[in-house]
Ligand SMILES: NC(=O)c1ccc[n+]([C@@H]2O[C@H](COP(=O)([O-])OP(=O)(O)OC[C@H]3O[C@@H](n4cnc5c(N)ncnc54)[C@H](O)[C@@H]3O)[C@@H](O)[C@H]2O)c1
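Before any questions on binding or motion, here is one chain by itself as structure tokens, the form predicted on its own.
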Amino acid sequence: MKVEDGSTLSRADCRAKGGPPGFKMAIVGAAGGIGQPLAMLMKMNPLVSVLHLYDVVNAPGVTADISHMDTGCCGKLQLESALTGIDLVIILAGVLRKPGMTRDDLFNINAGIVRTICEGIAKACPKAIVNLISNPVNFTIPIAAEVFKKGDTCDPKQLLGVTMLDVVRENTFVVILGLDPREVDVPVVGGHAEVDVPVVKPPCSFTKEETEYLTNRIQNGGTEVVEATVGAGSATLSMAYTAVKFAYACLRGLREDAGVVECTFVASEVTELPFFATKVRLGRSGAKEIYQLGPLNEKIRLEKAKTELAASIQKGVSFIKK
């Protein structure tokens, strides 16, 4: 598989001799700021028996480095056909958000990269669960879905947009407001970042100021990190942590554990939109069951979010159809 500039994606095939049975995972974009800590943490996961690392540059160095870790998932660098036989693919490829960049700016760069990767997945591992992180997710999930639709080999429920960072942030920020996240359920529905709608169950009596604080801080969490680094970085560590949590949930779904439920941006009939972020029960085919919204704290914001999401989704679909 090749990216648009013609650079071959490197493959690291890591399996320990006599290691425990597990699933085959590929990380596309493994040499970046999110990919490196994600690769390290996934290599430590006992449910992963084979780990393939891909990137346009520096993948051999990352592979050599993590191959020194004494876990059950290890091995050597190989150059073979990309993505073949993979159970779970995590797509990180593309540029990260920098100071002054809008999500439209990200779209113009990352859309073609995501299309190329998904074309490779459709050919090499059409049954794999795909965790798409490349931003902006509200745009890139429709792009990936259109690519898979053309190939007519992938179940749309296999394609999962990772919006869990919003959930993780809300869990953290609720603690700041004096709530214990173990006692409340705080999913984020809608889409990612600018169009997410935090939901607290059971409903809590937040003041108007607390509600605005939660909503604004979640939506601007990425900007908060970019500004704190004075443009030198972005939310890489928190995103890697989130990616690991969501990937582990997907691995448990592949193992057919009962009751694995997380929020994700997925093909949906919960609203009139073709994609929507809500709670889903994960299984071997990805989103095994998609839950309805139920009572909401933010009904007005939901309608605004749906309007913005509709435009994002249409832009992604149009990119493939043009």
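Throughout, we count residues from 1 along the sequence that is shown. Worth saying up front: this structure is predicted, and the values here are computed from it rather than measured.
The same protein has a further form, the form predicted together with the ligand, not shown here; the description that follows concerns it.
Interface membership of residue 265, defined by any non-hydrogen atom within 4.5 Å of the ligand in the model of the complex, is ruled out.
Using a 4.5 angstroms threshold between heavy atoms, residue 286 stays clear of the ligand in the model of the complex. At a distance threshold of 4.5 angstroms between non-hydrogen atoms, residue 261 is out of contact with the ligand in the model of the complex. Interface residue remark: residue 253 is not counted as part of the site for the ligand in the model of the complex, having no heavy atom within 4.5 Å. In terms of contact with the ligand in the model of the complex, the residue from 90, 144, 189, 137 that brings a heavy atom within 4.5 Å is 137. Think of it this way: in the model of the complex, the ligand has a heavy atom of just one of 113, 214, 167, 125 within 4.5 Å, and the residue is 113. Contact with the ligand in the model of the complex, judged as any non-hydrogen atom within 4.5 angstroms, is confined among 253-261, 54-62, 276-284, 41-49 to 54-62. The candidate spot formed by 129, 244 and 249 is out of contact with the ligand in the model of the complex: none of the three has a heavy atom within 4.5 Å.
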